[in-house]
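Before any questions on how it binds or moves, here is one chain, the form predicted on its own, in structure tokens.
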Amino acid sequence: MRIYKVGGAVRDRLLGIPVTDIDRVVVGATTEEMLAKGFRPVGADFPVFLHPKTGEEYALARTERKSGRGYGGFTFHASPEVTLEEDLIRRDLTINAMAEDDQQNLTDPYHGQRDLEARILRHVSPAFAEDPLRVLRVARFAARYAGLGFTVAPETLELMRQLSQSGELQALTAERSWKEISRALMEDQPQVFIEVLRACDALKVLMPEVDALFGVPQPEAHHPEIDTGVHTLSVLEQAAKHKQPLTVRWACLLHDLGKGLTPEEEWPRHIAHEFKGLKLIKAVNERFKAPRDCQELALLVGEYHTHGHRALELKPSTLLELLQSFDVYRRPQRFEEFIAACEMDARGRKGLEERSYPQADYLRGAATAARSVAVQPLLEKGFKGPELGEAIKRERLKALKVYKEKA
């Protein structure tokens, strides 16, 4: 029985960055031997065990072969005869196909260290094309390591393109896709994830609504970058730069989908794109079964982001409707995330990345003014039921009028 660290633990140590997850592979062992040593089995698909003391994962060396469509369409074979090299060759990228023993002696049969030094994401073998999830994984790694200068090898991008065109991507489950998408959006350069998906034709399969934005012009006076797709990437880049949460990043990605529906003869104007985009945002939300908080914020940002930009000009009544739509009284955090998404949208424009966004503080002040209306005095005046609701609304409107006059 021989135990090796594999994958990300080896890769990140060689890159000199913090190692977060440690995966281990066990060569020359049987399931019975692992159980005899106190390891606890987990996972139905292939033999993975938890260490009896540390709880860390140890997987038996295994081979795999394609037996069906999609991410789960594989048959695994684990036995003491499977070599370390045979286990490593089934992995996605050369930089993830290295192993080391406890003395940090490196086993690198597929030249992962060379590709690390060259800053290249390259597939290990032609078997790469058997797993459609790898298209998303490679794009995610590209987003993670873009800051270190990594790019996808042309031959790997070509395999990803073949996978995108094969129909295999449609076999991915919503849950597996969302796991990769959400992790990619939280990387330092999530816009690179979208760029790589687009470069290998996967974006138009997975998110045709986003892909449709590229080549669609916007008024240069408001958008010096002109192209709506380029703008979307810039907004996503700003969201990462400002350490926004996943909800905000997801909303940033989807906020302008309605512009992809504008007839060419109306370009570069996009009248009512906020409302036109709602059905598209809803479709993308449902396709990937995004968490509820991500779905809700994406729809609200899509519908109201131009209200955010025009906040200083809004009538008190419109401002009140906006606050009501977000339920700022019970869900203040959601409104704060809306403000953040609007600010990222404003900053995601060429040459305007550092421009101040006074609308943010104005909207926060408006929410505070509306929330400051006390309900108890109205109850003491005898208001109840629907009448109480209308009285509260009137008082909040008064408060917003005073706020606007003072602002």
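Everything numeric here is computed off the predicted structure, so don't read it as measured data. In this text, residue numbers run from 1 along the sequence as written.
In what follows, reference is made to the form predicted together with a small molecule, a form of this protein that is not presented.
Is R183 one of the residues lying within 4.5 Å of the small molecule in the predicted bound form, judged by heavy atom distances?
R183 belongs to the contact set for the small molecule.
Even though the small molecule is not shown here, does R134 get within 4.5 Å of it in the predicted bound form, heavy atoms only?
Yes, contact at 4.5 Å.
Within 4.5 Å, heavy atoms only: does D23 come near the small molecule in the predicted bound form?
Within the cut-off, so yes.
In the predicted bound form, is there a heavy atom of the small molecule that lies within 4.5 Å of any heavy atom of R334, even though the partner is absent here?
So R334 does not count as contacting the small molecule.
Exactly one residue in R249, R144, K259, H231 has a non-hydrogen atom within 4.5 Å of the small molecule in the predicted bound form; which is it?
Residue within 4.5 Å of the partner: R144.
Give me the residue from H305, H270, R122, R91 that has a heavy atom within 4.5 Å of the small molecule in the predicted bound form.
The residue in contact is R91.
In terms of non-hydrogen atoms within 4.5 angstroms, which of the given stretches 103-111, 192-200, 126-134, 162-170 touches the small molecule in the predicted bound form?
After filtering at 4.5 Å, what remains is 126-134.
Taking the small molecule in the predicted bound form, would G7, D12 and R140 all count as contacting it (heavy atom within 4.5 Å)?
Affirmative, all three are within 4.5 Å.
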